[in-house]
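Form predicted alone, single chain, as structure tokens, below.
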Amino acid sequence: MNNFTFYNPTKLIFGKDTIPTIAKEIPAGKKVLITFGGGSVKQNGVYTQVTEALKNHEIHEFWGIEPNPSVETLRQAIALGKEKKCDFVLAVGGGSVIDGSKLIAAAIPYDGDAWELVMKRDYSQGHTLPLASVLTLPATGSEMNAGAVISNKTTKEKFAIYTKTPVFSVLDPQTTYTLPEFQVSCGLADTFVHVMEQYLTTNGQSPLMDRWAEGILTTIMEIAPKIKQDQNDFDNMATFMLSATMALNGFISMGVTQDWATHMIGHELTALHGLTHAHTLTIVLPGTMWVLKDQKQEKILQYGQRVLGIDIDDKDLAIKMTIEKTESFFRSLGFKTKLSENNITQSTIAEIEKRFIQRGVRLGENRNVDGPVAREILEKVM
């Protein structure tokens, strides 16, 4: 196990009817910028709960943070926050709203343009406003980590920035009951691949991290069909919500190497074609597993045996069955897992390879996923 420093200061407030607690969690006298996505929170009662809880605070609302939040939209929220002299940001929504709000919280006290902060990549030591969240869509784990992924529509780019974790996050599983089926599928897939990026790497680093990761993977595969049948089951939705948080709050990555090649390749597909982030992951991960199966062999076999129940002596066949069964799981969630099924051609693969070469990108636990390897991965899932 490698050396590590773990610190996660987010206070997690989990359970039924917990949204009103934000009234006492946000200090009196704060000027709160509340950020939202679309209007679904008005339909499911979340908006009413939030505004009622903050009736004694000065609040200002910003609506319209889209999936794959764009810096162009976030600049408008930043301008509002500066104008109203807001000193606290509350994100109400899913991972995109929370991601976008992390940049908003960093950029309101910043003198330059918000995209400059994105290009710094690591702003964890910079001055930011305190941020909190009310989560309505489990997926990204953004409610309990420092990462955010921001798009630039003008340049057709998408990059991660690391700022600061929310000071607190409220997770009421009841908010998930009215989510569209596709968004739930995206959340399940996103959670699953987040774990795989931290788990399917170097063998023998930490049996504890392996077991924690395998527990989340197994849980997601077990509850996915149950959620598909009944999205109003509190216990299953609670398990889903907490699994998404635990998948990317640092708990399963302590002392182990990480990959993230699948994510970075997926970001390019989103930037170039607008595919939902989780959808890109379901396309790319099987390709990553196929192309890197030699270096990931032991972990693929371990995952296949412990999570999927594939226990045969023929290693090549076991790996084949493991990758195919993983792809079948994604397809059971409703995803088209081939580039060609999503009208993506060889020209996109060439563009991604070129971008990676120009940036000097080297990804994966061994830093051997460069432009040509990214091309190979994408061609495998054409």
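Nothing here was measured: the structure is a model prediction, and the numbers come from that model. In this text, residue numbers run from 1 along the sequence as written.
There is also a form predicted together with 5,6-dihydroxy-NADP; it is not shown, and the following applies to it.
For Gly38, a non-hydrogen atom is located within 4.5 Å of 5,6-dihydroxy-NADP in the model of the complex, even though that partner is not displayed. Remark: Thr128 does not count among the residues lining 5,6-dihydroxy-NADP in the model of the complex, judged by a heavy atom distance of 4.5 Å or less. By the criterion of a heavy atom within 4.5 Å, Gly215 is excluded from the residues contacting 5,6-dihydroxy-NADP in the model of the complex. Interface membership of Ala148, defined by any non-hydrogen atom within 4.5 Å of 5,6-dihydroxy-NADP in the model of the complex, is confirmed. Of the candidates Thr282, Ser133, Thr262, Thr175, Thr175 is the one whose heavy atoms come within 4.5 Å of 5,6-dihydroxy-NADP in the model of the complex; the others do not. Between 5,6-dihydroxy-NADP and the residues Met237, Leu137, Leu292, Ile252, the one pair within 4.5 Å by heavy atoms in the model of the complex involves Leu137.
Looking at 89 to 97, 200 to 208, 293 to 301, 163 to 171, the stretch with residues near 5,6-dihydroxy-NADP in the model of the complex, meaning non-hydrogen atoms within 4.5 angstroms, turns out to be 89 to 97. Residues of 239 to 253 placing a heavy atom within 4.5 Å of 5,6-dihydroxy-NADP in the model of the complex: Leu248 alone.
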